[in-house]
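First come two forms of one protein chain, each written alone as structure tokens, so that there is a structure 1 and a structure 2.
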Structure 1
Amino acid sequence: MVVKMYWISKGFIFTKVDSFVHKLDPRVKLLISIQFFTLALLVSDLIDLAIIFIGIILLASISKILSRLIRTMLFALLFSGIILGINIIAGYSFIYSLQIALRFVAIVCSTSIFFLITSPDELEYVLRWFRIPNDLVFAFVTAVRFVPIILLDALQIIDAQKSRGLELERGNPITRIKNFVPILVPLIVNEVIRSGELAEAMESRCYGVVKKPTVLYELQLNINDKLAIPFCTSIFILGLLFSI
């Protein structure tokens, strides 16, 4: 179980890769992700959804993150199976239920691919470019940075507690829930300590003293970005025309 969770968790953590897509401006990456997200929301035919999946897989292959995206896709398939079952029980046809389930997977993948090819620093630059307040930018970027860390901390605690004889996969559901108490307590304590350290680091750097802090890096479009925008937009428009 822990090995599987480790394997899935790697699909949600950014890793720097030397690829053409990673070198694009983060605003262009966001535009591509929004285009896939919009198409996934609008299309309803299984063939159209299959084309969207092919496009996502091609983009992931060019970005050299296909293996990590597959982990995210498998994680989304767990919930899509639940969606499929609920729709069938509710009386909807199997084809319609399958469309809803696959659409959910496409939406998750289109969102996940942005975070897999965009570093937290680039995400911060994009949010500041949108003129979002600094406190909101800091809170969101910190959450993006620490959620994978919290997940890895939980997996390490599970591994350590299982080495001490804790059994998580035996007993009735109530017993299994109780067995997670030795995992939640050290995890909460660990994150409280980490949040205190973060607060001290912010205070030592005089966070909030300057209302409009300057930034070291300014977003600028290069030639590859200027070529990628019309190319991706034209494909997006064609996708909209065929889906309507």
Structure 2
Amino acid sequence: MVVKMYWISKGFIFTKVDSFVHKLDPRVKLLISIQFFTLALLVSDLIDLAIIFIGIILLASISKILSRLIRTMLFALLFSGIILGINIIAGYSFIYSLQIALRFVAIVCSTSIFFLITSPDELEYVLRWFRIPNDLVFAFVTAVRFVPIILLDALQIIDAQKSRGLELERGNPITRIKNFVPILVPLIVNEVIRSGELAEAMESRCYGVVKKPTVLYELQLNINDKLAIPFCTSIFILGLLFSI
């Protein structure tokens, strides 16, 4: 349980990778992911799906994140198995059900690849580029920054309570839920204190003085981006033509 949570909390932390794709402008990465996503939504037959998977796997391997993508893929396959089963029970043909199930996997992969190649920092820049209000962008930034920290807090509290004899995985469902009270209460107290400190630190660094803060760097397309855009878009258009 604790190990699982540690693993999850690490999943929320973006890992930097040094690859050609990672160095692209985040807007280009978003474009590529949206193109994959659209294709995955539109295609229907198994050969087209296979081509999309090859594309995704190619992109993942030049971004050096294949092993992490495969992890997501396995999770998605688990769900798609359920989708497959339900469809077959509902009386659809096996091929049709398989198409729907695999399409689900393709959609999940094309979304998750975006988050694997885009750091939260870059995401923030993209949000600002879309003119999302500063308060919302900052809420997003703080959420992403503190989710793993809060998870680690929870782990520490679980450890502490276990060493005092709390048994989480014992008893019927209701006692199991009750078991979580000694974890939730200190966790909430902890995070209320933390949010108070955050608010003080924000105030003392002039948060909200101007409505639209300046930003240290500006997004700029370099030569690689300018080549990647037409390249990916032409493949995308070809894909569209073939699938329809």
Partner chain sequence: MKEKSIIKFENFSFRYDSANEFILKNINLEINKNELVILAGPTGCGKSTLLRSIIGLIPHMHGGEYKGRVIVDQLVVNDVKITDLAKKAGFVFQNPENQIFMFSIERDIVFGLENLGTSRTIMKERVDSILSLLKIEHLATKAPHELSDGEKQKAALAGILAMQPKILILDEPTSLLDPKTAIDFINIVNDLRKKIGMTIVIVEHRLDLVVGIADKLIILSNGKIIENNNPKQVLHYSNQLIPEIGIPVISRLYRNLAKSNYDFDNVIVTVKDMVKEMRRKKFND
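Throughout, rigid core stands for the largest set of C-alpha atoms superposing within 1.5 Å between the two forms. Numbers given to residues start at 1 and step along the sequence of structure 1. These figures come from a predicted structure and were not determined experimentally.
Engineer: Assuming the other structure does not fit, state which one is the form predicted on its own.
Structural biologist: Note: form predicted on its own is structure 1; the other is not.
Engineer: State the hinge position among 178, 27, 54, 210 for the rotation of one rigid part relative to another between structure 1 and structure 2.
Structural biologist: Where C-alphas switch their better-fitting rigid part, the residue is 210.
Engineer: I need the hinge angle between structure 1 and structure 2, given as the rotation of the smaller rigid body against the larger one from C-alpha superpositions, in whole degrees.
Structural biologist: Expressed in whole degrees, the smaller part rotates by 12 degrees between structure 1 and structure 2.
Engineer: Once the core is aligned, what is the C-alpha displacement of residue 147 between structure 1 and structure 2? Give it in Å to one decimal.
Structural biologist: Reported C-alpha shift between structure 1 and structure 2: 5.1 Å at residue 147.
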